[in-house]
Ligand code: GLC
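Next up: just one chain, as structure tokens, the form predicted alone.
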Amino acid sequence: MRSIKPITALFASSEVFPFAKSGGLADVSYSLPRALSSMVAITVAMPLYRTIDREKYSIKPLGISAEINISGTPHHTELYGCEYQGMEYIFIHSPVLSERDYLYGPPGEGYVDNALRFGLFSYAIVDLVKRYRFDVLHLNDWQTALSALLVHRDPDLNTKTVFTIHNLAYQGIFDHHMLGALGISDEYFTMGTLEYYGNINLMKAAIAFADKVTTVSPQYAKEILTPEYGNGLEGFLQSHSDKLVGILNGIDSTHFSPKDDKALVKRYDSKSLSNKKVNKKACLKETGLQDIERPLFVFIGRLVAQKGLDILIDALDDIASLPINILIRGEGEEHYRSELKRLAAKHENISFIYGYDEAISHRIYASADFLMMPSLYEPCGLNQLIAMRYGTMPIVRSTGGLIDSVLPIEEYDASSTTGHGFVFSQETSDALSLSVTKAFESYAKKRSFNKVLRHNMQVDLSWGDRAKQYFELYTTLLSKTV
């Protein structure tokens, strides 16, 4: 099933682009395995959700099924597979896991049986490990976390486990009674394992039992050890800090390439930046915004508090008074949606589009002059990396991976291997407004402004050396078993 290479790895995620996506996890689950595939024989596993287009991606049954027994209840699972852009994917189908209209639940809520759904997914992941004897099992976020415990308690498995925390705010916390329903004995209901204020916490299972725990940026690895960012797990993470490491995410430089992007109206690179204006003209026409000479400030992302929506909304009246255009696109919580609709109706230079579309997002990056990311916290963030790749200046709050990937424009250095943008520290609308004003003023200084844009476009934002860090991590873990 897999070519012969020194290391075999199973990369398990609840969402992978382009099959299913709700956020950045899907992008990383697409691009990181691809970057690792030159060094590791890697297979990607995910649920076969009802919403996935099997015909489009030539997803076929593998002729393999299993009855997974969880606490006396059998669950029928079937394996499907496909090859997509040179990568091998295995899809796990089971009615309880797969037959839903949404990945995790309707907007703003989760399905009540998500513990069982993704507990079953974790059991199925370990079944794959047993079938194909992978050397490394790479788990991602709470939806796969129980797998680390299941591997740990199986004496016949020598597989090493790596668990990546993409966002500590989502931990998989459920009622205590689900412990038995998941086939886990009460011996694991302790502060040192799954117990969390009388409930169970599935992410704790992976932190406790994985051989290595990674986060998606070095700064976030430091932040989650503090009460401000630890989401109640800072003490637990401190006790496991010897196996915690932060590796900054990258982006797929082929998928995100303004020179080759077929979604764009006009392609360009750092030597043909003027072609951005063609994309901008089309974007303004589509959104009803006027005056192409005005700088275009955009926000692309989930409409949730983490992304700084309260800061952005509070600042919009102020920044809309500038001679600029503002485009906001995203989906999420209804109260943010209604407030953004109100503000867009109030200001002719604000356009708000609810929803997400990958191709349209690419065109927005190619059209924009500035990207606003006023995040309260940001484990890594991919938007600022994509923006810089497309010659769009980031405006970010100094937190998490934004600190690791965007240096203040005041510190611009042509020899820097990091991109530059406008950085503010305070969690206030005034701080965002001030940064937008500074950005607006910088836009008029075309020569110096474009110099920074070209620098950002040429910075290596790919997985490259970052994937090598994961490979070295795998290698080190496996060398300990020799």
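Owing to the predicted nature of the structure, the values given are computational and were not obtained by experimental measurement. Quick note: we count residues from 1 along the sequence shown, nothing fancier.
As for the form predicted in complex with the named molecule, it is not shown, yet the points below apply to it.
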Inset, instruction - Within 4.5 Å of the named molecule in the model of the complex, counting heavy atoms only, one of 41-49, 446-454, 22-30, 55-63 shows up; tell me which. - result: 22-30
Legend entry - K307 within 4.5 Å of the named molecule in the model of the complex, heavy atoms: yes
Legend entry - the named molecule contact in the model of the complex: T159, any heavy atom under 4.5 Å: no
Legend entry - Proximity of T392 to the named molecule in the model of the complex, heavy atoms at 4.5 Å: no
Inset, instruction - Answer for G381 alone: is it within 4.5 Å of the named molecule in the model of the complex, judged on heavy atom distances? - result: yes
Legend entry - Sole residue of N279, S405, N249, Q143 within 4.5 Å of the named molecule in the model of the complex, by heavy atom: N249
Inset, instruction - Answer with one of H362, H166, R294, R329: the residue that has a non-hydrogen atom within 4.5 Å of the named molecule in the model of the complex. - result: H166
